[in-house]
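Below, in structure tokens: the form predicted alone, a single chain.
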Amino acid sequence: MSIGHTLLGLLESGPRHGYDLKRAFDEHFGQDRPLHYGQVYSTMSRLLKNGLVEVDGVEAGAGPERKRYAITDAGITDVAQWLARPEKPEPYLQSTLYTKIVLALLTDRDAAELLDTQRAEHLRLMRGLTERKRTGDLADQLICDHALFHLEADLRWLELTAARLDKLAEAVRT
């Protein structure tokens, strides 16, 4: 996810302080991985330097001065271009899991056990996501569906690999 583009998009509704941007980000996108304040301010500094935002006002407070940021026309154009550009599908052609399975086979470890352990971890995560989806709002349901579909594909791959493990062992050991 592009943090800069996301913060720019949040600014399209009007100027905000860094604290407000962090809160809005975490509310909409950061349930599993909230932003750190330092990340917000370093990103805003970069966006300011690149002319994508401007300081709309500065307020004195008990602590450091609070800057209010506004998106510029260049920032609006940048967000529009980013939104229009499709994301590159990730084919996972060289996954860590595949690497572990091949290494297990090459080192005479139990690759089937590795697959079983991974399957159990996927199922554990899927149960948690299913519960979150059941009790969540529409945004949670959509986010969970996305993750669940990917995990289901992984499970199919785990089953297929388990079924072909003998052939894979033969292929990697020759």
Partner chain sequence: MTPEGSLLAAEGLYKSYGVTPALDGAEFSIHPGEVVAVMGPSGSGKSTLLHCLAGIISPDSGTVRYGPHTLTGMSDAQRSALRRTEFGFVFQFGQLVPELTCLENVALPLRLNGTKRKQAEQQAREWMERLEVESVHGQRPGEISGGQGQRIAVARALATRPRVIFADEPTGALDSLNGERVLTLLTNAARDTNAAVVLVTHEARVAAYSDREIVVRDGKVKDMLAGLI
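Residue numbers count along the first chain shown, from 1. Quick caveat, the model's predicted, so the values are computed rather than measured. Only the largest set of C-alpha atoms that superpose within 1.5 Å between the two forms is called the rigid core.
One more form of this protein, predicted in complex with the partner chain, exists but is not displayed; see below.
Engineer: Looking at heavy atoms inside 4.5 Å, which stretch does the partner chain contact in the model of the complex, given the options 66 to 74, 127 to 135, 38 to 46, 51 to 59?
Structural biologist: Looking at the other structure, the answer is 127 to 135.
Engineer: For the three residues Asp116, Asp145 and Phe149, verify that every one has a non-hydrogen atom within 4.5 Å of the partner chain in the model of the complex; reply yes or no.
Structural biologist: Yes, the whole trio is in contact, each within 4.5 Å by some heavy atom.
Engineer: Can any non-hydrogen atom of Leu165 be found within 4.5 angstroms of the partner chain in the model of the complex?
Structural biologist: Leu165: no, not in contact with the partner chain in the model of the complex.
Engineer: Is Ala24 one of the residues lying within 4.5 Å of the partner chain in the model of the complex, judged by heavy atom distances?
Structural biologist: No.
Engineer: Can you tell me whether Ala120 touches the partner chain? I mean in the model of the complex, with a 4.5 angstroms heavy atom cut-off.
Structural biologist: Because a heavy atom of Ala120 falls inside 4.5 Å of the partner chain in the model of the complex, the answer is yes.
Engineer: Superpose on the rigid core, then tell me if the C-alpha of Ala120 is displaced by 2 angstroms or more between this form and the one not shown.
Structural biologist: Indeed, Ala120 is displaced by 2 Å or more.
Engineer: For Glu12, decide whether the Cα shift between this form and the one not shown is 2 Å or greater, given a superposition on the rigid core.
Structural biologist: After core superposition, the C-alpha of Glu12 moves less than 2 Å between this form and the one not shown.
Engineer: Using a rigid core alignment, state whether the CA of Ala24 is displaced by 2 Å or more between this form and the one not shown.
Structural biologist: No, shifts by less than 2 Å.
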